[in-house]
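Only one chain is shown below, in C-alpha cells, and it's the form predicted on its own.
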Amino acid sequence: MTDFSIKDFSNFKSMQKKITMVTAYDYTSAQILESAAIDTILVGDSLGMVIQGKQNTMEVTIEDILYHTKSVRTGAPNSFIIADMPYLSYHFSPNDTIKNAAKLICHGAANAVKLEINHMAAIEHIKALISAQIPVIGHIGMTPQSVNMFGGFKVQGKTNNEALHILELAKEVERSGASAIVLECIPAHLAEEITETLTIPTIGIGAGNSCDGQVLVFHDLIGLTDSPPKFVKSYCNAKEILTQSIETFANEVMNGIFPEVKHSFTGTIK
C-alpha cells in the first residue's frame, strides 16, 4: 500500500528521497506493485509495443490508455497512478487536451497525466491542464512519440545545442506548473544538471543515477523482454521461470501426472 500524493513529488525532492516508478498495464501487475509499495505507477503508451506488439507507440489511442488505466486502478486502488497522454491527444487545441485528459482522470481514476514535450509550443497544453486542476508530469529527452522526427529511438542531448534545448524545455515544463519531469535517454551529466537546476523532481530512464527517481517498465524489470535496452536492469528472469513452468505443466498433462486427486472434486452420483 502507498499513500503517495501529488504533493510528495516536491516533498521527496526537498528531503532528497528517491522516487520509485514502474510502468504497468494490467490488474495483476498493479497488485504486485502496490504490495511492493512502489511510489507511483505509470500507465504508459509503451503498451503499444509491450502489450500490442507494435514497432512504436504511435497507434495507441486515448481509449487504449483509458482501458489499461482502469485495469491498473482496480489492481492498485491505493496507488498514485499517472496515465500517459498518447500521440495526438494533446496536439490540437488546449480544450481538446483537457477533454482527453479528463477521460483519464474522471473515468480512469488516474491521479495525473504525463505529456511528452520536445518543443516550446507544447507548453501551453501543460498550462491548460493545470488551469483545469489536472496534475501534470512532463517528459523530455528521447520522447518516443517523436520517433519519426528523431529517425529512430536515439539518445538525445549529445550535442551542445541539443543539450541546451532540453535544459530550456525542462525549465519551461517546471514554470508551466508540472509536478515532476521524466528524463529519458539523455547523457547522465545533462540529467544531473537538469536535476540540480529544477525545484521539481526528475525521474530518470536511461538518464544516469543523479535523477530524483527512476522508472522501469514492469516487463523489463522482471525479465520478460527479449534484448532489453541498455538502461534496463532485469531483477529476475521471469521469462525463463515461466517457460520452464509451462513446459512442466505440458509434460505432466501428457504423462497423466496432472491433475492429481488433490486437484479434483469428489461426490456421490445419485
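Remember, it's a predicted structure, so these values are computed and weren't measured experimentally. Numbering starts at 1 and runs along the sequence shown.
We do not show the form predicted together with a small molecule, though everything after this point is about it.
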Can you work out whether Val72 and the small molecule are in contact in the predicted bound form, taking contact to mean some heavy atom pair no more than 4.5 Å apart?
no
Is the gap between Leu42 and the small molecule in the predicted bound form 4.5 Å or less for some heavy atom pair?
yes
4.5 Å heavy atom contact, Thr202 and the small molecule in the predicted bound form
no
Using 4.5 Å between non-hydrogen atoms, is Val217 touching the small molecule in the predicted bound form?
yes
Of Leu129, Val182, Ala170, Ala110, the one that lies within 4.5 Å of the small molecule in the predicted bound form (heavy atoms):
Val182
Listed range touching the small molecule, judged in the predicted bound form by heavy atoms within 4.5 Å, from 28 to 36, 240 to 248, 44 to 52, 222 to 230
44 to 52
